[in-house]
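Just the one chain here, the form predicted on its own, laid out as structure tokens.
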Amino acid sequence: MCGIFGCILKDGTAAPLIHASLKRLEYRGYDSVGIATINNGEIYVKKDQGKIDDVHRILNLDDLPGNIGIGHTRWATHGAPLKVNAHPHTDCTGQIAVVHNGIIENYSELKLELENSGHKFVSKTDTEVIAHLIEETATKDPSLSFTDAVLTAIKGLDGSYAIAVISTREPDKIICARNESPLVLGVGENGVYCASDTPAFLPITNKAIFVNDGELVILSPTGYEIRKVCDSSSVAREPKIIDWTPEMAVKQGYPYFMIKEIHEQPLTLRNTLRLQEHYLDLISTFLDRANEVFLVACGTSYHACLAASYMFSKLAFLPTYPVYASEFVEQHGKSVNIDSTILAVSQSGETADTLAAVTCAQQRAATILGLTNVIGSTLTRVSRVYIGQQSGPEIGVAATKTFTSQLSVLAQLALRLSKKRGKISQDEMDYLEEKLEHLPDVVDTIVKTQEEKVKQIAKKYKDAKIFFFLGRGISTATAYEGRLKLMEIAYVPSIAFPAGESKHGPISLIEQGFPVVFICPKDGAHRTLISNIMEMKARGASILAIVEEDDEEVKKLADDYVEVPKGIPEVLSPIPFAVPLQLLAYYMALERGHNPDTPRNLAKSVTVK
């Protein structure tokens, strides 16, 4: 997730306004920043890695000339956060500049084709191909207008994008287009604006036009024109008045970042399905070669690793060992060796305990692989191979969208490794891949249809003193994550166990009305889990069940239940089944009067051991 902004002003210079607007989008990305303007038939560019204030202190972003320009604040997905990878990106001639939010799936193929046609690339980004593709389109057919060249070029893009393009060929226009990534226009007294989010221009104007997927926009000094990409037909759309405060706009109208990020999960899951095939293959190759594999992480990332250990075992027949990073050195530090492989998982890539475990393993010649959300973090620098989960910045302290994204990436690695090892049939592989592709829609359905029910459940149990979370098999990891969310956000003491272990001590706590949450996918452990539900119910527990929508047997046993769509494969179930638990923690926090974005005593990235 990155922030883009563009403007055409009637009076004044564009650069200071672009700079100020990017500051309001810095929550969307902050590892690099850049601005491009046009003046007297020439494009001027300033950009560098770092946060906006740091880059401005060195470069003075405000002194670029011209009344038209585009800007970008970046969260890296392709290419490390370096100056050369910062947006805007230009073509070979320096006459086209592009900023982009999203992921171009077919950029490798396009780049190869363009290089074979003589184009010279300077960055490692997917975005740069857009500038060269527009240049190539215009070169092949000089009769095309700048607008038509952009329109033709973007028809060759696969993936998600919101782009803004300027060119010296038509120096009074900004061409924008959208597919899956957000794009909004602003109309004010002194100009027209485009941005990835309304906070960018809200202090200037509250008149906004929301651009839909598959639409292209031409901004000019006279206003805006919207066209459909498919047939270039015109679209009429009047501005709407946005009555949000700037703070509300940053959260897109949601009261807290946590609920906003829960609602973003369909989009972030789609983005994780656009991972670079090359890196998936590389990591799966290293995993295949390993004599032993340790999945090392902390907190929520550890729960993703625990779920992944079931995925790797069931799909690729690979035994893996999920380990709390803080315990790794004591538990395995002396035994890891050159034949060991460590897959370290960290949202920030800076988690101190995880990096300490990695350092220990490196010193004993183990292979280090990384999964993180922050390209350029320490974990990416010390890993033999790393992969970015492409979730965008997560502002709320509690991990939500980053957890489900980690699970999606780990599931893809397990499937890739299974294919490499020939452990499951092609029919089963095709089935699982199809189900994985549909998970964003499944999560979208859960949020839309079950949020109100979860809200009512939170009201009912807001005064509970303690919760149990129980699951079997891979759902044990889901139970642990549900327990963690409720504890850290709502401050409710909670206990999670594999359901089969509940008889070995925990069941002694059960008394009348004691809330027990069961994670109930219809998998191989379903029949046994029902026995555990009946054991708890017989002792007076209040049963809260996360069930598939056709699971009538568990519904009859439960005091309250939340439904997820049916037909989810066991190995993928933690992704959708975690979402109701995130909502439960969020609404329990609200019912108990707590701010879910800033839980006490916690930090987003734990950089001390």
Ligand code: M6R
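From 1 onward, residues are counted along the sequence shown. Given the structure is predicted, the values throughout are model-derived calculations rather than measurements.
Missing here is the form predicted together with this ligand; even so, the following discussion is about that form.
Put simply, Gln347 is close to this ligand in the predicted complex: some heavy atom of it is within 4.5 Å. Shown alone here, Ser494 lies farther than 4.5 Å from this ligand in the predicted complex, counting heavy atoms only. Within this chain, Pro521 is remote from the site of this ligand in the predicted complex, having no heavy atom within 4.5 Å. The closest heavy atom approach of Thr272 to this ligand in the predicted complex falls outside 4.5 Å. When contacts are defined as a non-hydrogen atom within 4.5 Å, none of Arg28, Val98 and Thr127 contacts this ligand in the predicted complex. Partner proximity in the predicted complex, defined as non-hydrogen atoms within 4.5 angstroms of this ligand, places exactly one of 241-249, 223-231, 391-399, 456-464 at the interface: 391-399.
For the options Ile218, Ala80, Leu484, Ile510, the residue carrying a heavy atom within 4.5 angstroms of this ligand in the predicted complex is Leu484. Checked against this ligand in the predicted complex, the residues Glu488, Glu135, Glu451, Glu264 give one hit for a heavy atom within 4.5 Å, which is Glu488.
Of the residues in 297-320, those that come within 4.5 Å of this ligand in the predicted complex through at least one heavy atom are, in sequence order, Cys298, Gly299, Thr300, Ser301.
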